[in-house]
Structures are given as C-alpha cells and as structure tokens.
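Before any questions on how it binds or moves, here is one chain, the form predicted on its own, in structure tokens.
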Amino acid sequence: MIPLALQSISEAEQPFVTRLRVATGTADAADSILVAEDIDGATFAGRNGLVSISGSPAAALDGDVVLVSSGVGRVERLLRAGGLEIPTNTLLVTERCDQLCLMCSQPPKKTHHDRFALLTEAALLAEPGSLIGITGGEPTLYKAQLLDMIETVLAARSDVEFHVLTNGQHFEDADVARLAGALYDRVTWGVPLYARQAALHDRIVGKKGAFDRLQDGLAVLLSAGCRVELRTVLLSSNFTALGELARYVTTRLRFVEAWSIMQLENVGYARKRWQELYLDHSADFGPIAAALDHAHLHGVEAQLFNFPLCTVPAPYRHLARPSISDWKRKFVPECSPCAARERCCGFFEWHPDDEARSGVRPL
C-alpha cells in the first residue's frame, strides 16, 4: 500500500501547498526543490522555507503536489505524479455528510475544516491532462465553495477535468444556468443510485426521502446538460433488484454518460457488516449480466468497477475497468501467473485474503 501521508518537519507556521521537485529544470515559484537526502528522507526548499519529509525517497515524491501541515508534522500527497496515461487523483473536500450509507467507506464526521483555498492551489498545479476527483463526505454541502473552486481551476487550466462524487440532493433549479456553462463540459458528476424502489434506496443510504430528493437533483443536472455517471454498489439487498433498476435507468435516465455497477469495499461501515452486505458475484452473475445486457440494448454505457477479471464471465470482462487506485490495490499470490494482471483492478488492500485467494482463477 502506497502511503499518502508522511511525517514531516516544516519552517512554515501555516499550512501551505507546494509541488516537490528533484531537479530545478522545470521549477516555478510554487515548487520546493530537493536540497538534501539521506536514508531517513528528503529535504526540500521553496518560498515557504524548508520542509523535511520522512519515509520516502525523493525520487518517489518528484512532481507530487503536497499539503504541508507543520502543526501536526504531516505532509499529505494531494496529487501524486506518476506514469498513468491520464493522471488521476482524488481530493477530499469535506468529511461531513447528510446521509449514513450502510456500507460507507468514509464514515462521516460532524465537523468540517475548510480547505477549499488550499485545494484550489493544489489543483492548479496538477500534471498536464489530469482528471481530478472530488469526494467527501458530501461535497455539495459546500456547493458555493465547490463550484467556485471548479470554475477557478478550469478557467485557468484548459487541460484539466473534474469528477465529483455527490449524493445529488443539493442541486436546485436556480443552479441550472450556472451548471450549463461551458466550463462544466469538463466535469462529470458521479451520483449513487442503489435501487428503483424508494424505500430500498432510502434504507441503504440511511435517509428517508433521499430517493425523491435525488430524482430532483438528477433532473437539475440533466436539464443543465451535465455529464452524469450513475453508481450502484452491489449489495445483498439490491442484487435481485438490479433488473428493475436497469429498466428505470434506460427509461428515465438514459442520457447519463455511464452506469457503473460497483463491488463492495471492505472498509468503513462495510467492514463490520461484511457478512450481511457482501454478495459474491462469482457465485451468481445472472442478475448483473441481465442488467448489463438491458442497459447496452437501450444505449446506456454500463460498466463494472472493482470486479477482478477472473471473477467475471468471459463475455463481460471487457466491461470490467481497472478501477482500484494503485495506492490501495493488491494482488494475492495466486494472481502471479495471470496473463491479464496488467488489465485487472485486483483487490482492495483491505479485502479479506481468504476470500480473495479462494476466488482467483488466473487467466
């Protein structure tokens, strides 16, 4: 697992954002340049003074955009540089949320620490061609700050796009004109929809009336011509209802950009409820296959996230995306001989080893 937070010592009294550089050839005013390195870590110097980082060689940090918080002695790697064809990172803008999903991977907190100004600085330093994810909590609880940040970055960086995860319940008719602006052509809104039945969706998200509010929010987004990706986490409670949801998506929401069916992540609330919530799709892929077939037949782009390739029937493997980020992805020893490993999402680092190892069938 790749650490995203490292110990540090800084001269600055206030948190600041900087991009770490090993060489000076491409440096600008926002960069901190390597001045020393030893077996314990590396020291960089920039306009905010010196910052020493432990636990990683300088070469592994080169190009990373980091948030230095001197008071807590920590550096957060907000935007990691790397070799992906499309650089992809995710920014956590709040840990507050107005839902309490049964399987939430990021259990919400009651407090909010506003970092929008710092995160805007970071996004402006992103690698060329970056796709920046925005997540929470619920980002649109701070809708004004969120939209200001998106517009500031996109106006300055024509090569950057955003993907925002949101429960979709805080958009209003008054937002349509703003969201219809040209800058939002480079924003995709990832919105969870867990069931066609309002009662089932509301029970999963832990909020009465959530389904109805979500329909209103989706209407705003689609009226504005926004790019929308629907997300459905696979659970034991909604597995047999996928067919009805597929019919709803293709009749009422067919203009979405994609529909992502996602396997459960064993972290957060799901860890304690794993046996209750988890559905082994390799034991019965039928309802998933039927939902995928129905979606594609009606022109909706459906895809699979967090499904290892060998657990998916061959006719549907091309729909399984390498969706798990490298910093939290693992492969078990049984994966070693697999010829498809480079195209596979693998498993979440915290997925139970016994379940992962028993389910692997190298391709």
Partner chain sequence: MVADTGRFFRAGPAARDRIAREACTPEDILFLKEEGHVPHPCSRLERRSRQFAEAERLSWANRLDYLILVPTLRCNLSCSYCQVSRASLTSTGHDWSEATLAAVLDRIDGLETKSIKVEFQGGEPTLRLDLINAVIERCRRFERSEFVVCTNLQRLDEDVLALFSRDDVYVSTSLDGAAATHLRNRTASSTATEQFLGNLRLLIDRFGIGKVSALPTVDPRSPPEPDELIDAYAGLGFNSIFLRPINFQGFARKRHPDSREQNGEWRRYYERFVRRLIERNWVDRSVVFEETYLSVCLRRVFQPGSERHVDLRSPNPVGVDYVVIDHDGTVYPTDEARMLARSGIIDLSIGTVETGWDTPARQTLDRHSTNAMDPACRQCAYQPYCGRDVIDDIARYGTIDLPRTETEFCRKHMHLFDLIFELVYSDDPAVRHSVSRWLRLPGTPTELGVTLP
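Predicted model only: the values in this text are computed from it and were never measured. Residue numbers count along the first chain shown, from 1.
Just so you know, the form predicted together with its partner chain exists too; it's not on screen, but the next bit is about it.
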| property | result |
| --- | --- |
| Partner-proximal stretch of 142 to 150, 227 to 235, 249 to 257, 103 to 111 relative to its partner chain in the model of the complex, 4.5 angstroms, heavy atom | 249 to 257 |
| Contact assignment for its partner chain in the model of the complex, among E276, D280, D216, D98, heavy atom within 4.5 Å | D216 |
| Contacting member of C310, L34, C335, L319, with respect to its partner chain in the model of the complex [4.5 Å, heavy atom] | L319 |
| Touches its partner chain in the model of the complex: D173 (any heavy atom, 4.5 Å) | yes |
| 4.5 angstroms heavy atom contact with its partner chain in the model of the complex for L297 | yes |
| Partner contact for T90 in the model of the complex: its partner chain, 4.5 angstroms, heavy atom | no |
| Partner contact for R80 in the model of the complex: its partner chain, 4.5 angstroms, heavy atom | no |
